[in-house]
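One chain is shown next in structure tokens, namely the form predicted alone.
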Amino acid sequence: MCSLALVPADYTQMKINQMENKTMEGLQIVVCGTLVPDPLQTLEPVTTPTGPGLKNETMLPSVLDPWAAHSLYEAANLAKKVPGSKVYLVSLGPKAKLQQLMMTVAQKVPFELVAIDGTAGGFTDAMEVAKTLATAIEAIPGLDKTRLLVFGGCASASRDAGVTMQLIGEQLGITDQFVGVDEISMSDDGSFSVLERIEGGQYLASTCAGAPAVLAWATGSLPEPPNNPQVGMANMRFVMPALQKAQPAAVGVGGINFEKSEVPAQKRATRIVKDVSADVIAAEIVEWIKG
């Protein structure tokens, strides 16, 4: 059960509804995130026998999806505040590239990896991805949905359908869902408050009675943690076995038919003028866009 309130960004936090008194238990925080091509690379779409893809995709250097990375850092920060909590990272991607990615990500924060061997391309169907991730989450040993928070990015640098986290929640039967989250604050009784981005520089402040819930993160407020070799060595004890037993997943484009994929064309038209009002300039820009 959740309560909602619309407040400005510099809001004063208020208790929206009264919660039952209960002891706070450790959380099970599952972060959904995978690799994406390094944004500094030039991406060229091509047509493959299995559908659209990227030219030399297997050779492109990869990074953890930026929005998923924010959710991972927020999950680790929350786990430190709530004793007994544990963070899982559920990743869908080519096993070999996931292993390369984990060499870096594993040094950031403590987590246990749940790897799924499949495509991480930008043309996969959000429904198929959500079903695969939800199945992997439900298979986590000792999963307790009364303590479960599912984190992930509200967007993606790869398959940005904008609905993947919501679909995962539906697959898991979790109806309390928050999108564009920038902050979560836990209470001693297990309830928590959430700030979601909305228009006009405002936040939607929600208070939820407790887990389970799905939180699709925006950028949060935490910086990227520095590399910690000790954390990396501890994580790798679980990363390598998880990669070795990663189950293959046939995730594709579903029933979507892509007729063509191409890099957006660039067009530049510059004209230097003087003594022209802003209204005239705006009108010319509108006409240029229409043309």
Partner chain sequence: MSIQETRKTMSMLPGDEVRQIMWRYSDRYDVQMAVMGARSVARGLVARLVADGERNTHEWTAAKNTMYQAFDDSGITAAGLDTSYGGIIDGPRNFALALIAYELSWVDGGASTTSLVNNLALAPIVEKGTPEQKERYMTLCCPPQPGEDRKTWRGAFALTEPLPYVGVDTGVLSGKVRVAEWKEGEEPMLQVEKRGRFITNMEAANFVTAAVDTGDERIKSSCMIILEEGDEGIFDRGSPTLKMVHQLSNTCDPIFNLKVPASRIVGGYTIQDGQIVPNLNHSEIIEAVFSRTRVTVGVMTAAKLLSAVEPVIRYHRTRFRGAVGIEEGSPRYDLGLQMKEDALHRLADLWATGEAASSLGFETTRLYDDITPIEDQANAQLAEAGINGGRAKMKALREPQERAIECIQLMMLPEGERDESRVQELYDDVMVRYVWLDAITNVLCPACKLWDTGHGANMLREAVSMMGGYGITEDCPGFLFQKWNDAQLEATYEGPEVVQRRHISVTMNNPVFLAQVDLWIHNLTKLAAEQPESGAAALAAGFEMWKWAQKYLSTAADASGARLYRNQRQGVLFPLTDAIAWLVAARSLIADVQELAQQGADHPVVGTDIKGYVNTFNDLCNIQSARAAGEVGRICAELFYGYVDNAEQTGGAAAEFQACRAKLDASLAGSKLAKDRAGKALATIMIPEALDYPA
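Keep in mind that this is a model prediction, so the values were computed, not measured. Positions refer to the first chain, counted from 1.
Separately, the form predicted together with its partner chain exists; it is not shown, and the next lines address it.
Only one of Ala249, Leu60, Ala242, Leu64 lies close to its partner chain in the predicted complex, with a heavy atom inside 4.5 Å, and it is Leu60.
Checking Asn77, Gln107, Ser85, Thr219 for any heavy atom within 4.5 Å of its partner chain in the predicted complex turns up a single hit: Gln107. Put simply, Thr48 is far from its partner chain in the predicted complex: not one heavy atom of it is within 4.5 Å. Put simply, Ser187 is far from its partner chain in the predicted complex: not one heavy atom of it is within 4.5 Å.
Contact check for Leu143: every heavy atom lies farther than 4.5 Å from its partner chain in the predicted complex. In the predicted complex, at least one heavy atom of Pro229 sits within 4.5 Å of its partner chain. Only one of 191-199, 89-97, 211-219, 131-139 lies within 4.5 Å of its partner chain in the predicted complex by heavy atoms, and it is 89-97.
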